[in-house]
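Taken one at a time, structure 1 and structure 2 that follow are two forms of one protein chain, written as structure tokens.
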Structure 1
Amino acid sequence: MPPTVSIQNVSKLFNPGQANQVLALKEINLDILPGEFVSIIGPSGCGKSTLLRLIGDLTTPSSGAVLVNGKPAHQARLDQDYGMVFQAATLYEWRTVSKNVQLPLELKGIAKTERENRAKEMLALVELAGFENHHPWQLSGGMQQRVAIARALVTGPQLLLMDEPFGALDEMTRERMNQELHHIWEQTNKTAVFITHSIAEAVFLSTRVVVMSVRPGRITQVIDIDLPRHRDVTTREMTRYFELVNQGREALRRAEAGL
């Protein structure tokens, strides 16, 4: 099965030839298959978010290639092959929840009735049915992030890119959002690439966890997460879950030490 994302010998150099030149990523190779949920962890400043931005064509590699659905990342962005969720929900305060979710469809020129129906469907998926006419300032942080996820999914992309979307939430809300996101992934069978600093979050959500080194970021280990596909509150109590979290912690320690 062809990969949804193929990162081929990618390096990223910022400010080349200048005094503040920084080699952020070095020779990254990674294939992500359809339906996988891949989390990327690593020390602060290792280039995790840069790697996600390369997949999303928000920056370009200095060398190597990034393919999404078999085409260059730039073309995939133009074709709206992916949805993206950032750490901040980045919602427009003057637009209702429904109007925020509809925005990508408006930009595509989709008819109003279809936009409204699709937004209603996505809000039901993220368990926000009945909040269509609320405004973002009337919602909690977790609810705002669910609106952002609904907006990312509204065009029907097969790939979801997420850059620490729950990093600003309290622990209990974050765990609940993990369960809700995993439920959405189960229902939709999307391919997901997820950036996080939390090893426990990465293990709970993922089919694979990619561990990156200190800068320049390299992939030092890929951990297969062999937990049951369906996960809930009981998953965090499983012996295997704790074993995988410890495995991720040791891998991250080695990465931080440059081993």
Structure 2
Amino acid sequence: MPPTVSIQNVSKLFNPGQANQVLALKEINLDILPGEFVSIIGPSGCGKSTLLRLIGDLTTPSSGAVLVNGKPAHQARLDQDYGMVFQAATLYEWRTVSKNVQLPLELKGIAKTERENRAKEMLALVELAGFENHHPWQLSGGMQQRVAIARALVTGPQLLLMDEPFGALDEMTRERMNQELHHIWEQTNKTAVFITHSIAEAVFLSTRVVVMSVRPGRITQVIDIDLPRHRDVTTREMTRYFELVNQGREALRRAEAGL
């Protein structure tokens, strides 16, 4: 089976040849296998979002290649092989919450009743049942981000690309959302690429944690999370969990120091 995501020697240079030229990513190599949950962690500006957008073919590499499901990333996007949660919630303000979640289904030409039912289901999953007819501006930042997650999940994509989806949530909601996301991943055997600033969250959810460093953005360490595949409240009490969180913290410290 080919890797779900294969990043081969990818570099990304913004504004080449100009005064504000930035080497956002330098020679990144990363293979993500089907069913993996890979978290990316690193200091602000190290190119995490850029890497995710490269996988989604929303930007193109300056050199190197990105394959998704064995195809060029461009083809995978046209085939709608992934669902994406952006760093900003990016809801359309003229649409209600439910209509925002239905958008990807509308684009696929799915009938109205089915769309409504699926949106309702997804909103219940992210604990927003009853908010179907609200407008985005009536929700808090964390609620908006959960709508964006529901929208990414609604088409049931095998590959999930998520850019700090739980950044705006309080600790308790975040833990519940982590549990829910883990549940979805475990049940449906999806592949996930997940950006976060929280080491604890990364360890809890992932099979692997990729640590990146800044200027230029590069991978400095990959930590295998050798916890049992199933995670629940007891996971956070395991000795191994603490060890891994400490290991991640140490790796991040080194990355921030530019080592």
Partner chain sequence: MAKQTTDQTGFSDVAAGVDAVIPARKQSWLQYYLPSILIFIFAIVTWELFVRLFSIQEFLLPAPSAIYNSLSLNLNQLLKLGWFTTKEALGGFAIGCSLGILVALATARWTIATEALMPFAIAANSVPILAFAPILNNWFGVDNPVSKMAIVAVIVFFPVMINTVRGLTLVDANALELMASYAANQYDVLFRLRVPNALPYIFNALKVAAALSMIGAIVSEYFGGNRSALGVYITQEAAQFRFANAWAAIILACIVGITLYLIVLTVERFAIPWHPSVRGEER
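Residue indices: 1-based, along structure 1. Fair warning: this is a prediction, and the values are worked out from it, not measured in the lab. Throughout, rigid core stands for the largest set of C-alpha atoms superposing within 1.5 Å between the two forms.
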Query - Number of the structure representing the form predicted alone - result: 1
**Report entry** Rotation (degrees) of the lesser rigid unit against the larger between structure 1 and structure 2
**Finding:** 18
Query raised in the report: Once the two forms are fitted on their rigid core, how many angstrom does the CA of residue 90 move between structure 1 and structure 2?
Result: 3.5
**Report entry** Rigid-core-superposed Cα shift at residue 123 between structure 1 and structure 2, Å
**Finding:** 5.7
